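Only one chain is included here, represented as structure tokens and corresponding to the form predicted on its own.
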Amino acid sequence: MILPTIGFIGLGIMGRPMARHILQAGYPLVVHSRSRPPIEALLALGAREAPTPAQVGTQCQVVITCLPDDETVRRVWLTGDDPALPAMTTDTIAIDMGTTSPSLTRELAQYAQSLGVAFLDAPVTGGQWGAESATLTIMVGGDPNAYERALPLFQTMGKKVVYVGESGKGQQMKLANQIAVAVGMLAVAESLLFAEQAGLDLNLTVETLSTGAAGSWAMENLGKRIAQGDFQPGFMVQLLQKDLHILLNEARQTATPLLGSALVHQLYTHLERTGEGRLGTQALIQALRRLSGEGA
């Protein structure tokens, strides 16, 4: 069986390991990114480089993007110099695996359809660890036939792949996920701040709470990092802030009250203003420490 050629645009913290898994599964891979080191690493494994998104589009049966924000997504797919979508041919598949506004997703899907191209929104959750270990959860919206065609590809990158409905539904599912991520991170940070101020050992606290009703992925993984004073990113503050901005805009349109999400957004805004936007999301405890009078 001849595997389709896959294009991958955006080789950041998440994109680079995701692209590597595709390549290691035997798919021919064409890559494009602003940063040279990840390109060089993938070229060494057998990938090919394309100098523009359009040239990725012309060479590949499936093109994937993993990009940081709506502006970049729109530019790479549609409005920039040499964008990918207009260069793609009938019966190919375009996939956006970043977190993008549902409205932009639907706009791109409609344009793609006019070209005979299927557009899937397939955002992921699981952070850098999930990307490295190919255990991501992938939430897919768009044409169901295109989803079935792309499923083996998704399975090279993720442990759980779910089709959630029409175009934009994958992004909406990801936003629901980000509510639980953000507010859950606040719960972990407050719990450990209380333990810290009570004089409890933080490592012991995380170990104890992880096994009971307070247990969660965030407590076990990010709580452990807080206890060790490790604020390196598995998922950066500024990227979660971008997601929360999209989320809160969506919620305003339906008058959906998201009090916890709005509060966490404000606390992370403090971290961004103090130059900590590139830290991991577990750095939320730093904002709470300052509010408690501890300082940074």
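C-alpha atoms forming the largest set that superposes within 1.5 Å between two forms make up the rigid core. These numbers come from a predicted model, not from an experiment. A residue's number is simply how far along the shown sequence it sits, counting from 1.
The same protein has a further form, the form predicted in complex with another copy of the chain, not shown here; the description that follows concerns it.
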(message) Can you tell me if Leu209 lies within 4.5 angstroms of another copy of the chain in the predicted complex, counting non-hydrogen atoms only?
(response) yes
(request) Look up in the predicted complex whether Pro83 has a non-hydrogen atom within 4.5 angstroms of another copy of the chain, and give yes or no. (result) no
(message) Check Glu190 for me: does it contact another copy of the chain in the predicted complex (non-hydrogen atoms, 4.5 angstroms)?
(response) yes
(message) I'd like to know if Leu204 sits close to another copy of the chain in the predicted complex, meaning any non-hydrogen atom pair within 4.5 angstroms.
(response) yes
(message) Please tell me which of Lys169, Arg149, Arg74, Lys224 lies within 4.5 Å of another copy of the chain in the predicted complex, judged by heavy atoms.
(response) Lys169
(request) Using a 4.5 Å heavy atom cut-off, indicate which stretch of 149-157, 112-120, 84-92, 216-224 touches another copy of the chain in the predicted complex. (result) 216-224
(request) Scan 165-203 and note down the residues that get a heavy atom within 4.5 Å of another copy of the chain in the predicted complex; none is a fine answer too. (result) Lys169, Gln172, Met173, Leu175, Ala176, Asn177, Ile179, Ala180, Val181, Val183, Gly184, Leu186, Ala187, Glu190, Ser191, Leu193, Phe194, Ala195, Gln197, Ala198, Gly199, Leu200
(message) With a threshold of 2 Å on the C-alpha, tell me if Leu209 counts as moved between this form and the one not shown once the core is superposed.
(response) yes
(message) Taking the rigid core as the reference frame, tell me whether Leu23 has a CA displacement of 2 angstroms or more between this form and the one not shown.
(response) no
